[in-house]
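Only one chain is given next, in structure tokens, and it is the form predicted alone.
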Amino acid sequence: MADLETSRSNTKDILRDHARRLFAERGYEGVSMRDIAGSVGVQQSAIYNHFASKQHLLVDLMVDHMEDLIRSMRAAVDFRATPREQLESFVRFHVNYQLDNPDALFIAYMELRSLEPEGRETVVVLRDEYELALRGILDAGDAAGEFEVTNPAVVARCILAMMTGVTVWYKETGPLGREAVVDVFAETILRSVGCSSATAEC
């Protein structure tokens, strides 16, 4: 029984991986369950042992992405540190996470429009939770006099949009290595809220 359960779990993960890649390459509407099955090398009916529909599969991918993003962020950011240190850690984590997971990121942002109401509500709640963590850091920094932030909600969205765009243009073979690019993001965002640099006090 244990071997059977492991096999089912592995198959589900393989289906997720192939669906994620295909959705990122062609868009949700451009991919059929038959395409996913063919990519994996199974009968289309086999997918329904794990996912009730293509919509269910999309929701599963997006919820899994957001839950992992939140969990990983909370492990990477020490919320007992100063707001400046928290913000720098958040930025460094977020940029690296996006570069490590470009397909999941693309789907999370571009396919929100493809979700039916129930699934969309679930994903939006998780997105709001992640955004609120950043807003909390900005609020704390502003209250402590470390940051100059006139509207933390808008600033948080600006910061997230700026960081998320890195997957559009960054190339591992480019003139700057990943660490240097992450340094630029950290310094730019810290300066934007009133800090002189990523290594200096605000």
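From 1 onward, residues are counted along the sequence shown. If you superpose the two forms and keep the largest set of C-alpha atoms that fall within 1.5 Å, you have the rigid core. Fair warning: this is a prediction, and the values are worked out from it, not measured in the lab.
Missing here is the form predicted in complex with a further copy of the same chain; even so, the following discussion is about that form.
Comment: 29 to 37 is the region of 29 to 37, 63 to 71, 45 to 53, 132 to 140 lying near a further copy of the same chain in the model of the complex, near meaning a non-hydrogen atom within 4.5 Å. For the candidate spot formed by F90, P102 and R178, no residue has a non-hydrogen atom within 4.5 angstroms of a further copy of the same chain in the model of the complex. With a 4.5 Å cutoff on heavy atoms, D17 does not count as touching a further copy of the same chain in the model of the complex; it lies far away. Taking the partner from the other structure, a further copy of the same chain in the model of the complex has a heavy atom within 4.5 Å of a heavy atom of S192. Using a 4.5 angstroms threshold between heavy atoms, R113 counts as touching a further copy of the same chain in the model of the complex. Contact annotation: T188 falls within 4.5 Å of a further copy of the same chain in the model of the complex, judged by heavy atom distances. Contact annotation for 57 to 72: no residue has a non-hydrogen atom within 4.5 angstroms of a further copy of the same chain in the model of the complex. Once the cores line up, the CA of S32 ends up 2 angstroms or more apart between this form and the one not shown.
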